[in-house]
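Okay, so here's just one chain, in structure tokens, the form predicted on its own.
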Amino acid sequence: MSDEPRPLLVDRTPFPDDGIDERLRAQLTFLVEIDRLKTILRQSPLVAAERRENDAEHSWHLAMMVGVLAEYADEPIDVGHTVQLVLLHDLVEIYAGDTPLYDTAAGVDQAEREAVAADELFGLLPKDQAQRLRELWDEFEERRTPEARFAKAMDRLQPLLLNWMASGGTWRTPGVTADDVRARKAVIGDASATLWKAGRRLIDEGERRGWSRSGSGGDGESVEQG
């Protein structure tokens, strides 16, 4: 890894040297830099267009899902806090890149890559905000609160819906079976029995229709990558 500072988007058109205080300058620099999220493509296909979604679209969709589906959380959640978690959870992919859910090889060093990216990206902010956003990101990754567990459930449910609408989508990834899909989506059940029941129904029906390779239909275990 190069010791040279990473070029920032704001470097293309630097802010004036005066008239903007240091704290605000750092905040604006961060907000410009996260525009990169719109360029990070995911594997999931859009429903409304013939292309893959990007991370910014994914994060927006999760925020909407939190507001609409919060009533199905098995534990009471703070909706505003949960929205914060889903809006920032993929920001690290600006530097770490997207890791496809079913790419086990790419997932080997995912945690390390994303932790380094979090330090670098959130470090653009003033120290207090950098610490706050890093704590939120860690909360999501560790799923130690009801809000984080529900946020993670939305992160797994959203592409499930897109794949259903695409008659399988990434469920058709070579080597992936319906049981693999169940295993990677079972984390939904950690936050909502109702939503996991619905998600499981879609996966089972997708298997029946031949949209994924046949699996035994076991409950599966949740995994962390993707």
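Start at 1 and count along the sequence shown; that's the residue number. Keep in mind that this is a model prediction, so the values were computed, not measured.
The same protein also exists as the form predicted in complex with another copy of the chain; that form is not shown, yet it is the one meant from here on.
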property	result
All of Leu28, Ile34 and Leu46 with a heavy atom within 4.5 Å of another copy of the chain in the predicted complex	yes
Heavy atom of Thr177 within 4.5 Å of another copy of the chain in the predicted complex	no
Contact label in the predicted complex: Glu71 to another copy of the chain, heavy atom within 4.5 Å	yes
4.5 angstroms heavy atom contact with another copy of the chain in the predicted complex for Val83	yes
Distance check, Arg184 to another copy of the chain in the predicted complex, heavy atom within 4.5 Å	no
Heavy atom within 4.5 Å of another copy of the chain in the predicted complex - residue from Ala118, Ile77, Leu87, Leu124	Leu87
Members of 162-182 lying within 4.5 angstroms of another copy of the chain, judged by heavy atom, in the predicted complex	Leu162, Trp164, Met165, Ser167
